[in-house]
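One chain comes next, on its own, written out as structure tokens in the form predicted alone.
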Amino acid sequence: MSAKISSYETAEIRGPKLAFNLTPENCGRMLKRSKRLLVVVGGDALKMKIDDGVDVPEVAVRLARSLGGTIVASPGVFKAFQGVSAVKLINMGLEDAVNRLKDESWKGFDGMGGYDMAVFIGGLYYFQSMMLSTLKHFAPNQKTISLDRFYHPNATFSLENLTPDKWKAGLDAMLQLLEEKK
């Protein structure tokens, strides 16, 4: 945790527990250690391709394929995943996904058990922040990573505030690390 990192939203009120700052390379190493990965893609994902030059659905698919994860896409962005194969894909609102992650007795979308790591990317900042805050307070054992361009203090781990170029380069480096042969 770094004292120099501040949230993207200056009015965001957070508790004393802040997200640990990750570099994309460290994030890749951490994700490699996850046993069951859930990638949660928010409704702002398509806008990020236009604004920042990052194809968030492609990043989510490459991430899920390399680690055998499941993708939960919000209904507004789900059509971007049609035609994708070899990845378990769920069309669900983020509130429902977060409510399921809160439930300790939930067995996952495949009935094989809960997810040890949930990666959030492509959500509206203020909405995703509230979803991460919900998990921080009501599912303290659920590890979350925010791969968005802006620091999310309510995640367990988050990238720092990055320029679009640094964000894109960092995601590419992380995906190359994950896709390397073991």
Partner chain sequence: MATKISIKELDSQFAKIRGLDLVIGKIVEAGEEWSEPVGPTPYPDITALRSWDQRLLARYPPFYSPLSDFCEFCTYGKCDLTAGKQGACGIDMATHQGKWSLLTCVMGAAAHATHAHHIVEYLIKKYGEDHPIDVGSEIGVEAPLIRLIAGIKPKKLGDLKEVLTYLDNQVTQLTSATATGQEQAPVDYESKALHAGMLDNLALEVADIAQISALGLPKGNSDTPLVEIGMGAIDKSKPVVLCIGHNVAPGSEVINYLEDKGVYGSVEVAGICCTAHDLTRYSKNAKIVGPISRQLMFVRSGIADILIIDQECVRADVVDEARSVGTRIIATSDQVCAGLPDLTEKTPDEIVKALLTDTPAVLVRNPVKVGEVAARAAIEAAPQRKSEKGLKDEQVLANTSRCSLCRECTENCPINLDIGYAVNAAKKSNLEPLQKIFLECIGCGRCDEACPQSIPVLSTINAAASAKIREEKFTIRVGRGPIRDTEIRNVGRPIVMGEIPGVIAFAGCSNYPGGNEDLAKMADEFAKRRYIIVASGCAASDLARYRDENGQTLYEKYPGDFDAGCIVNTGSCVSNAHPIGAVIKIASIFAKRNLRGNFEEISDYILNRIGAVAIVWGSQHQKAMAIATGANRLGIPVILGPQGVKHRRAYLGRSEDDEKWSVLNARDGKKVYGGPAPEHLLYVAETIEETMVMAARLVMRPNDTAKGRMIKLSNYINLHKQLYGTMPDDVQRFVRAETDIPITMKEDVIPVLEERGWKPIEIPDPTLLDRMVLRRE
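Quick caveat: nothing in here was measured; it's all calculated off a predicted structure. Numbering follows the first chain given and starts at 1.
One more form of this protein, predicted together with the partner chain, exists but is not displayed; see below.
The closest heavy atom approach of residue 133 to the partner chain in the predicted complex falls within 4.5 Å. The closest non-hydrogen atom of residue 30 lies beyond 4.5 Å of the partner chain in the predicted complex. At a distance threshold of 4.5 angstroms between non-hydrogen atoms, residue 140 is in contact with the partner chain in the predicted complex.
In the predicted complex, residue 82 approaches the partner chain with a heavy atom inside 4.5 Å. Only one segment in the set 42-50, 111-119, 22-30, 61-69 has residues whose heavy atoms sit within 4.5 Å of the partner chain in the predicted complex; it is 42-50. Heavy atoms closer than or equal to 4.5 Å to the partner chain in the predicted complex belong, across 72-110, to the residues 74, 75, 76, 78, 79, 82, 91, 93, 94, 95, 96, 98, 99, 100, 102, 103, 106, ordered by sequence position.
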